[in-house]
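In the block that follows, a single chain appears as structure tokens, in the form predicted on its own.
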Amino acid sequence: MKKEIVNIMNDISSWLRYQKQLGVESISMGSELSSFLNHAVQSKASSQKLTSINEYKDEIPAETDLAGLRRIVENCKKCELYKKRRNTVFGEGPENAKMVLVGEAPGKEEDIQGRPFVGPSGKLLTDMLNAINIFRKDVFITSVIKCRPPCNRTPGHEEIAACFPFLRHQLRLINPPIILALGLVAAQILLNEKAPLKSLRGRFHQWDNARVMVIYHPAYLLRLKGSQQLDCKRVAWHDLQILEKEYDKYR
């Protein structure tokens, strides 16, 4: 128990340092911080259960197509997130897309519209793709979690366990040669890794029949300031160029 408390305090300390880097000078004990603290405790308590992501039970009939899967997601009540959602965010794009983009979870605008990446981070994502001559209409965009977590917090283990079978079924139906993991959460879940993003990016990984590229989440890039943002954008541009060369094989 003492070790778990130390780990929780380390998480809180890291979060507070990150807020300071963003320029936050004071934090009130409001709903967002309370949600973070509660989630930190729950995550540490449930982390012992986590084995392999591929062991999450898939109760979806094998013959279910994307339209049928969307209906299942729209009616899903497998975790507590359904109670506060406005819309599920299944994803969108061609069923034969050569690349699937996987984010973490819907944000506020996505929850309102029921579409992936439609807020500020969505605009940046579109610009990033356009810069390497890839267009949203040609790719499928989705996320690990299909409902918005409160205050945009990181999804918990139970929520991932409930939702990952939907993503896995999507990927197997589309069967893309390339998957782009946007951010640390999507990367770690897809690759069943605990490594930091900086050690996962810059190269391809394998998931079933697809090659997986990991890049910084657009929302993360938007939160950064000054030289730190410029440095990370340079890194992201480098990774996008690697992605472009691979994607060119399937145009």
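Treat the numbers as computed from the prediction; the structure is a model and nothing was measured. Numbers for residues come from their place in the sequence shown, where the first is 1.
Omitted here: the form predicted in complex with uracil. The next part is about that form.
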Any non-hydrogen atom of Leu81 within 4.5 angstroms of uracil in the predicted bound form: no
Heavy atom of Ser121 within 4.5 Å of uracil in the predicted bound form: yes
Within a 4.5 Å heavy atom cut-off, is Ile160 in contact with uracil in the predicted bound form? no
In the predicted bound form, does Ala105 have a heavy atom within 4.5 Å of uracil? yes
Which among 126-134, 161-169, 73-81, 97-105 is in contact with uracil in the predicted bound form, heavy atoms within 4.5 angstroms? 97-105
Interface residues of 112-130 toward uracil, as seen in the predicted bound form [heavy atoms, 4.5 Å]: Pro116, Phe117, Ser121
